[in-house]
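To begin, one chain is listed below as structure tokens, in the form predicted alone.
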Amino acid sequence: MLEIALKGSKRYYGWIAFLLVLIGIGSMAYLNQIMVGLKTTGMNRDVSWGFYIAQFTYLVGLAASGVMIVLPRYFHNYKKNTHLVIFGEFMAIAACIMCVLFIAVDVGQPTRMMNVILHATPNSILFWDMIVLCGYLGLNLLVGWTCLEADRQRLPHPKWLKPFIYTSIIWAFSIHTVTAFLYQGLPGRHYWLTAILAARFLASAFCAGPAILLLVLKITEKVTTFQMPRDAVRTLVKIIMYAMCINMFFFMLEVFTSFYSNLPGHMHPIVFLFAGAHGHSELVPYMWTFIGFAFLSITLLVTPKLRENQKLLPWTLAILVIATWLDKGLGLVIGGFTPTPFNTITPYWPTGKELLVSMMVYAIGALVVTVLFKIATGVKEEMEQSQSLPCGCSTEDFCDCAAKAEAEAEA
């Protein structure tokens, strides 16, 4: 099926070329990072995780979110979103690849990643995070590619594949839970030291991930003949709405617990993020933007007329994605490291080279999504062409339109 990705319009090849240019620019910044070291980034002794790990955390949620499409289809036999399942699985593949790449650029020398395998330590959460992430990538590759190949050949999905599908559904919850354990296992960081962090991660993943998928599919509809089933879209938007409400409810629980119990260690990161501390208020406008966009997106989703407005829906989803990214892809990591355990402020902000390397990783992910979605839409177009005859009849049924036309002509 890879040959489908080699056929496309000038716009398609132009987009591929644009992504390759971005990858090339980012690669130059990454080569400089390899030669000079991680001092090209804004990280330091006190803030040892930065923009790279924040993006890794956010993208793990994007990978896990595919379960919101697969689970209704296979656990509840909701067949209306059958045509969206393959896109959810392919999006998860791209997200997993970007996660691995962000880890690779964060450790400095990429060869250090082999230490997790060559010197395995099962008592380390990082070891299990590598296991669940690579396992989820393999499961989505196996399930997605096998199902698409069966669809292309107009064959039923193999029965031996069902155990892998059900395993992937359970596995999706594990990848973000284990990622949350990476943060929860650091007792010196009070912003992360909460039992509800894994639940917050999953709630934000199940609203932001499907929102990104719908936005990408909206673009796919514009450039291909593929059309999403409207009932499936409505159902998925409702899932996004409930997940976003739960996500913000969990966040408010954290704020209440920290301030009502008057715990300094838990209050200081929130104060730093939303009000600033010791003269440092770089993140304050971003975090209040998160709050405003979060409640704006909830308002737009909860109101039925606004939720059903297809012209407004992409803007609503974009606002939600920005809100969750500001919270999880920016404020989470910086807030966890600030203030330090000594109650001092060590400012951190990503450098230009750090952003260029991140641009490279996102461009690679966009390239993977483009190729995989091109294959998926190409297969579905082939299926539609083979299913119908020029007269509009299905090939699965007996077509006697020609005989009827001949009989009418003789009459």
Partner chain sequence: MKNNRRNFIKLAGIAAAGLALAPKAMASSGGHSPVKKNPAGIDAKRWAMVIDTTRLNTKEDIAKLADICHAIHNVPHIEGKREVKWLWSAPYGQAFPEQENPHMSDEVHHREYALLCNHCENPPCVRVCPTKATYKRADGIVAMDYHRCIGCRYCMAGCPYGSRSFNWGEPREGLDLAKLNPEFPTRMRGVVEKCNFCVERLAVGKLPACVEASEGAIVFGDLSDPDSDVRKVLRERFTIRRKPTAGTEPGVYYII
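Numbering follows the first chain given and starts at 1. Keep in mind that what you see is a predicted model, and the values were worked out from it rather than measured.
Below, we turn to the form predicted together with the partner chain, even though it does not appear here.
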Please determine whether each residue of M35, R45 and F181 possesses a non-hydrogen atom within 4.5 angstroms of the partner chain in the predicted complex.
yes
To verify the annotation, which of these, L215, L71, I125, V100, has a non-hydrogen atom within 4.5 Å of the partner chain in the predicted complex?
I125
Could you check which residue among N115, Q310, T82, T299 gets a heavy atom within 4.5 Å of the partner chain in the predicted complex?
N115
Okay, which stretch from 241 to 249, 197 to 205, 301 to 309, 337 to 345 lines the partner chain in the predicted complex, with non-hydrogen atoms inside 4.5 Å?
337 to 345
With a cut-off of 4.5 Å between heavy atoms, is M267 one of the residues that contacts the partner chain in the predicted complex?
no
With a 4.5 Å heavy atom cut-off, would you call S358 a contact of the partner chain in the predicted complex?
no
Just checking whether A120 would be counted as a contact of the partner chain in the predicted complex - the rule being heavy atoms within 4.5 angstroms.
yes
Considering non-hydrogen atoms and a 4.5 Å limit, does the partner chain approach F373 in the predicted complex?
no
